[in-house]
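Only one chain is included here, represented as C-alpha cells and corresponding to the form predicted on its own.
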Amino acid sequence: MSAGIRTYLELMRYENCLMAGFAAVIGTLIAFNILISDASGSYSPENFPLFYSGLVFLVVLLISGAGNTINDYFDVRIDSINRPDRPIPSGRATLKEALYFSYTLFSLGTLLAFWINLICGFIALFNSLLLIFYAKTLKGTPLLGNLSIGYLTGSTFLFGASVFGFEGLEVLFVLFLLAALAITAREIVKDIEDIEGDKVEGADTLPIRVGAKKAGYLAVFIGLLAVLLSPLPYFMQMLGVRYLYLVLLADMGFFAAIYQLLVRNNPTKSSRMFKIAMFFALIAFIAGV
C-alpha cells in the first residue's frame, strides 16, 4: 500500500521543518535590517526581498524534511524497537518510498536554492550532502555528529542571510557562529543525558567514548566560548544596545545550564536551560536590529 500525505508529512516531521523555515526567514530579516542601517550600503527599507524570503522558507522546509526522512530510513532498526509507531517500522511507508521521497525533497530544495542565487544553491547542496552523510555515518561518530548538528542548525540563519550574497553572509556570520557553538554544547549535554540508554543500544557517543565528566567539560568550554563571544555583535556595531541587554539574559541562562551540569550533575535540567538560553539569544538578535 502506498504511503499517504499524512504519512509523508510525519516522515518529514513537518512541525520541525516549519520552525526551521521560520528561523531562516528570521535570518533574512536580521541581515536585511543590518544592511539597511548601513548608510553607505545599497539597501533601502522598501527593497525587502519578500518573494525570495518565501523561497528561503520553502527551501529550508524541503531540505529539513528530506533530512528527517533519510534519518528515519537509516534508523529503521532502532526505531522498530524504540519508536514502532513511526511510519517505516509501522509499515505505513516502505524503505523505498522513504528513500525516494527524501531524494525528491533534497533535489527540489537544492534546485530552488540555486534559483535564488549561487551562494544559496551551494549552501543547500552542501547541507543536503551533509544530512545524508550524517544520517548514514556521522550520527554514530563521537563529537563529529554533535558538530554537524551545530553547523546545520546555525547555517539555517546563514542561509536566510545568503539571499543578499556575500554581504549577507558577512553580517550574519557571528549569529551563525554563536548558534553553532550553543547547539553543539547542548547536543553533547543531550548525549550525556542519554548515556545509559545509548550504552544499551550500543551507540558510540562522546560521553561513552571519553566519559560523562570529560564530555561535560567540553560542553562547558564550548558554551563558555559562546558566552564570551556573545557581546561581539554589539561591539562590532552590528546590533544595538537592546541586543546587549537581552543577550545578558541569554548568557545567564547559559551559566545556569553550566551550573546544572558541573555542580548539580543534572544533564536533563542543563539541556533544558541551554534551550531556554538559546531562545533568549534569538530574541536578542531580533530586538537588537
Ligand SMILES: CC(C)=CCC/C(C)=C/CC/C(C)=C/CC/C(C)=C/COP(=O)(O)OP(=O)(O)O
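One-based numbering along the sequence shown. Keep in mind the model is a prediction, meaning the values are calculated, not measured.
Note that the form predicted together with the ligand isn't included here; everything after this is about it.
S.K.: Using heavy atoms and a 4.5 Å limit, would one call I149 a contact residue for the ligand in the predicted complex?
M.R.: Contact check for I149: yes, within 4.5 Å of the ligand in the predicted complex.
S.K.: Are any of the heavy atoms in R13 no more than 4.5 Å from a heavy atom of the ligand in the predicted complex?
M.R.: Output for R13 is yes: heavy atoms within 4.5 Å of the ligand.
S.K.: With heavy atoms only and a cut-off of 4.5 Å, decide whether N68 touches the ligand in the predicted complex.
M.R.: Answer yes; at least one heavy atom of N68 falls within 4.5 Å of the ligand in the predicted complex.
S.K.: Answer yes if any heavy atom of A20 is within 4.5 Å of a heavy atom of the ligand in the predicted complex; otherwise answer no.
M.R.: Output for A20 is yes: heavy atoms within 4.5 Å of the ligand.
S.K.: Give a yes or no on whether every one of K139, F159 and D194 sits within 4.5 angstroms of the ligand in the predicted complex by heavy atom.
M.R.: Yes, because K139, F159 and D194 each have a heavy atom that approaches the ligand to within 4.5 Å in the predicted complex.
S.K.: Residues in which of 213 to 221, 121 to 129, 163 to 171, 93 to 101 have heavy atoms within 4.5 Å of the ligand in the predicted complex?
M.R.: Looking at the partner contacts, the answer comes out as 121 to 129.
S.K.: Counting only non-hydrogen atoms and a 4.5 Å cut-off, give the residues of 151 to 190 close to the ligand in the predicted complex.
M.R.: L152, T153, S155, T156, F159, E187, K190 sit within 4.5 Å of the partner.
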